[in-house]
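Before any questions on how it binds or moves, here is one chain, the form predicted alone, in structure tokens.
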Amino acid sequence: MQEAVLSGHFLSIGECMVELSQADDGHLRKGFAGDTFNTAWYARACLPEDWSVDYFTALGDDAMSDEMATFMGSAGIGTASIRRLRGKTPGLYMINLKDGERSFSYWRDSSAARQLAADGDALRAAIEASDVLYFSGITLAILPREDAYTLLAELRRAKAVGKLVAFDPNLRPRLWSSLDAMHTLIADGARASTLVMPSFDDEAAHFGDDSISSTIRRYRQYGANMVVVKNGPEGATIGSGADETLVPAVKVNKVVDTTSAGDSFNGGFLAHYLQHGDPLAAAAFAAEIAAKVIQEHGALVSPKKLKIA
């Protein structure tokens, strides 16, 4: 159990991109999204106003970067720490949907976010000003190796002084130079974290885990205090101490879009856990949030549609 915190500063670190998704009329709709930004969006929706939620990334100096930063601010997500780089632009991706399942096409090789950790002083200042840190395997994958280790060093410092550092491995082999590189950096990311939030299908496919218990055991061995393994419609399993507890998913009549299923679960879980300190109740709350999100199009569902009690 974590002691409940009445207020604080939540910082999510990663890449937000221009998103093209399918609208109900068959046209493409422009938005802004990315795994760690999506989690920040849902954390902001679920946390009280006493909590601040900020995003740390790098953007360019173009009109699309300006529009993205304005969008973040309008959602109540702080942008003061975002670095702006001359001549750079954000990345772009398109969601392809079939029967509610998604695949992606990306244009991100030269995105500004790849330099988010290049200024170590700015990174340290943002992390030191925060109480809770969140990052993902995608955050690590897009960075040059030296910058990835700069980020991990700062996160280890945060963990050492008692800050909550949450990590979703979010395994995407195509973003890595090799599977060995992915395995190494993901393990290092877990070592820098207090809470790891993997998806079992990814872990089984890319680490060879034969059970959820194997996933929990591996991440606990890396040094995580708690592991929350998401397993789609089967629910989420909380591994803490010697205990493993399954929290069922919420059933839905029709799945429309699973793009942000895991990200919304993570944001809902962290928001509830930070307020109440109970991981099982947090997982049940997060399952309700994710169930609402997958019945809508796009990565970011309006907080009004979430109907948070």
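Here the structure is a predicted model, which is why all the values come from computation and not from measurement. Counting begins at 1, following the sequence as shown.
As for the form predicted together with a small molecule, it is not shown, yet the points below apply to it.
Every member of the trio 262, 290 and 294 reaches the small molecule in the predicted complex with some non-hydrogen atom inside 4.5 Å. The closest non-hydrogen atom of residue 233 lies within 4.5 Å of the small molecule in the predicted complex. The small molecule is not shown here, and in the predicted complex it never comes within 4.5 Å of any heavy atom of residue 246. Although the partner is absent here, residue 255 sits close enough that one of its heavy atoms falls within 4.5 Å of the small molecule in the predicted complex. Contact check for residue 201: a non-hydrogen atom falls within 4.5 Å of the small molecule in the predicted complex.
For the options 33, 250, 69, 280, the one in contact with the small molecule in the predicted complex, meaning a heavy atom within 4.5 Å, is 250. Only one of 141-149, 80-88, 117-125, 233-241 lies within 4.5 Å of the small molecule in the predicted complex by heavy atoms, and it is 233-241.
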